[in-house]
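What follows is a single chain, given as structure tokens, in the form predicted on its own.
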Amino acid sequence: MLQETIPDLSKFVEPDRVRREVYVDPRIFELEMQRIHERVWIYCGHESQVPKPGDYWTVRIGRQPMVMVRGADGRVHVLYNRCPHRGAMLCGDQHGNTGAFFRCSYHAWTFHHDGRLRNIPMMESGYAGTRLSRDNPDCHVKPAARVESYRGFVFASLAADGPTLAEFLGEARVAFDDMCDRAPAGEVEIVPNCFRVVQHSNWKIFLENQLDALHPSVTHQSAGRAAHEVEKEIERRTGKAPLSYHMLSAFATVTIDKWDAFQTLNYPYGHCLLTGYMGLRPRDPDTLAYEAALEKAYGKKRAEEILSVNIHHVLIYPGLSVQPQLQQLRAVRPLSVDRTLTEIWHFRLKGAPEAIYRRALAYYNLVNSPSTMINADDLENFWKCHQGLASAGGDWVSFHRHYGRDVEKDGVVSSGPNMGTSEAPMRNQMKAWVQYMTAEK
């Protein structure tokens, strides 16, 4: 058993540092799949991805192929993507509509959208006297143990017990509240295409980078500086530069001391939040029209409260990175110890002017798409980190920045004043990692 070859996982993590094996040992990766990704609440998709009965999307939860489907009863179900007969996947495409029922392409067994057996060909003549019958639960498609939704965002857990989704999200639910509240209609709908990137690095490296407020002005300096030069030239010629240039130039103009002025909040279960940075309130006609729509929907006081929420990033550990003000999220799907799939999704604010959608879409394409220099900068660093950690150049990964200065109150750990570049989020994630990996099962 793998557990016998790793004597004590708690010894791999100390309050301010982590052993490199946590990132590069394939045996630890297998245990992570068992003890974290195939037990906790994992994001599957948004309800608007499956608007009609029979609509489905396939998704990975840990190592398990799953399918999210809208049933004839209107409910969203999450099932193992496996026929109980000979094991063939029911859905080979990424998404589609299965019609009134699932039909296995191998031997034509059929199933209702909730996984219940519908029909087995030659049931009476072919299976008479065998253990297979309509009453045998082994003849049904296995569902995820638990499925819940929060404001349209669907999560599943493959473990029968554990905290509810509301308990698991805790204060980090602000990621979805902030995004949905910004819609005059009070909800969002998904843009049904996403960017998919396979990173040649461990999944934890990506998550740790998301709230690393020190790296942007270092890693993305060249891309930000080039955009800033063009931005200034356009402004010199026309008197006004497009807002889209600021989305890139900010990586050069928001300096390390400005990042330090922000704050991180670190919650139970490994969730983290970074304030500040992208709280843009330009006074152009598009923004004013949007604010008017928000005031009409919520009233002036509530609209101002919504617009005043200034959150750059929320991380839902272990597999979701949300930027609510930009209406996008990244879902993390570990593939192996050194390969990680990230799905980058974008959302519309229902009831908001088209121009506001286009503005968020610009950021989605300019900063988070696979073709941008910003993403390329990060991917190169992730690969470099994994290659270096696989070497014998040192045993430990440092998380010392602002260590010992965190402030804890009511279970929430915040970085101290003017310590936005603190590595508290990394320490919080690894604290949760140890709890998951060493919990009694």
Partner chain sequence: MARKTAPKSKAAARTPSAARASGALLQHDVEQFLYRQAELLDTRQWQQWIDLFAEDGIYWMPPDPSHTTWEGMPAIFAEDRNLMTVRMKRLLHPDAWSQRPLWGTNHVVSNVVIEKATPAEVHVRSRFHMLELRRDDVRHFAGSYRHELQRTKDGFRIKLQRVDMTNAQAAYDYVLQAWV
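Residue numbers count along the first chain shown, from 1. In this text, all values refer to a predicted model and were calculated from it rather than measured experimentally.
Note that the form predicted together with its partner chain isn't included here; everything after this is about it.
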**Item:** Segment assignment from 101-109, 176-184, 148-156, 218-226: heavy atom within 4.5 Å of its partner chain in the model of the complex
**Value:** 218-226
**Message:** Whether residue 379 contacts its partner chain in the model of the complex should be assessed with a 4.5 Å heavy atom distance threshold; does it?
**Reply:** yes
**Message:** Can you work out whether residue 170 and its partner chain are in contact in the model of the complex, taking contact to mean some heavy atom pair no more than 4.5 Å apart?
**Reply:** no
**Asked** Would residue 234 sit within 4.5 Å of its partner chain in the model of the complex, counting heavy atoms only?
**Response** yes
**Non-hydrogen atom contact residue 396 with its partner chain in the model of the complex at 4.5 angstroms** = no
**Asked** Pick from 369, 136, 255, 164: which has a non-hydrogen atom within 4.5 Å of its partner chain in the model of the complex?
**Response** 369
**Request:** Could you work out which of 72, 341, 309, 292 is the residue within 4.5 angstroms of its partner chain in the model of the complex, going by heavy atoms?
**Result:** 341
**Asked** Taking 262, 390 and 436 together, does each of them reach its partner chain in the model of the complex with some heavy atom inside 4.5 Å?
**Response** no
**Request:** Taking its partner chain as it sits in the model of the complex, which residues of 181-198 have a non-hydrogen atom within 4.5 Å of it? Please list them.
**Result:** 191, 193, 195, 196, 197, 198
